[in-house]
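Single chain ahead, written as structure tokens, the form predicted on its own.
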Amino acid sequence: MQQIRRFTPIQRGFHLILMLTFVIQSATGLARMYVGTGWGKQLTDLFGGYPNTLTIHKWVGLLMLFAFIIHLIYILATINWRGLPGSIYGPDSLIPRLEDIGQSIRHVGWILGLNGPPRFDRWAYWEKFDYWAVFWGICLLGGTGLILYNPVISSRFIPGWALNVLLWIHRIEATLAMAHVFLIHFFIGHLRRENFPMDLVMFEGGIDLEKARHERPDWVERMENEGALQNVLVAKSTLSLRVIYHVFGFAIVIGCLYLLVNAFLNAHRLMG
């Protein structure tokens, strides 16, 4: 079965790094936040104790920021500067457009049975939201995290109460990010009927051509009209690779849901 390529190896690599660093940051961050509970103590023990958990959290945070900077360089290097502004505002761009508002409204109407389904191009409105939510989140978490990285040095330039405020901003943004990824992102990505039990597009890089025609008809038709469809057709991954992708993907999802459920069950103990 032929697939149409949605993501290049570099883009998949960025997503893999983001996924792994986010999971580690979530686990170490929750371990530190819940260290006064039995579950939090177990988490810190997995990372070699509280001091090691904090060290891992700091270094992986720096790795995430470094990858983010490389991603920015990649974006700047791949922009068609001569084709501005169309090159960054066309259907292949992740920049929100007015059409996204209409698609979101029509999508809600379709869910309610009021109209037919929207016709998506390469990116759906929620995918753009996911991308820019991560973009904003890394800036906010990274900025506050750098200030909190060494609070003794930071306290020479800002008052102590500001550090406390930044710590809460860091925690609140991290909590919102985990809730969004573990619930909304996972559900949309993997638990929809069309994708259940696992959407492998970010692992394989491609989506089945017939599935793309159904989910993103405007994208496929545009590629056909431009004569570019044949250039982006790729072969489906081998069975062994798909098994590896499924095992790895399920391990990440189960691990994240474990963190989410236990964080919820132990939340009342943070107030004790």
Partner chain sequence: MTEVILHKPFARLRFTRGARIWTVAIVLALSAVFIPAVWAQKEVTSKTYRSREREKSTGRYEQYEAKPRLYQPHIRDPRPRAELITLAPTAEKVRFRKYLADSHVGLRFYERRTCVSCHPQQARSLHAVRAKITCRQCHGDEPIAGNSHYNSLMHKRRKYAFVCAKCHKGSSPSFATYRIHEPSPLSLTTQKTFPVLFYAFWFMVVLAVGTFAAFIPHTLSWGLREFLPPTFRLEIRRYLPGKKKNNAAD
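Keep in mind that this is a model prediction, so the values were computed, not measured. Numbering follows the first chain given and starts at 1.
Another form exists, predicted together with its partner chain; not displayed. Remarks below refer to it.
The candidate site formed by Trp123, Met202 and Arg213 is entirely out of contact with its partner chain in the predicted complex, as no residue has a non-hydrogen atom within 4.5 angstroms of it.
Only one segment in the set 205 to 213, 27 to 35, 233 to 241, 61 to 69 has residues whose heavy atoms sit within 4.5 Å of its partner chain in the predicted complex; it is 27 to 35. This chain is drawn without its partner chain; in the predicted complex, the residue among Gly143, Gly102, Gly90, Gly160 with a heavy atom within 4.5 Å of it is Gly160.
Here is the short version: of Leu176, Cys139, Leu84, Ile73, the single residue with a heavy atom within 4.5 Å of its partner chain in the predicted complex is Leu176. Contact annotation: Phe187 falls within 4.5 Å of its partner chain in the predicted complex, judged by heavy atom distances. Although the partner is absent here, Leu98 lies well away from its partner chain in the predicted complex, with no heavy atom inside 4.5 Å.
In the predicted complex, none of the heavy atoms of Asn80 sits within 4.5 Å of a heavy atom of its partner chain. For the chain shown alone, Trp39 is not a contact residue for its partner chain in the predicted complex, no non-hydrogen atom being within 4.5 angstroms. Taking its partner chain as positioned in the predicted complex, the residues of 186 to 213 that bring a heavy atom within 4.5 Å of it are, in sequence order, Phe187, Ile188, Arg192, Arg193, Glu194.
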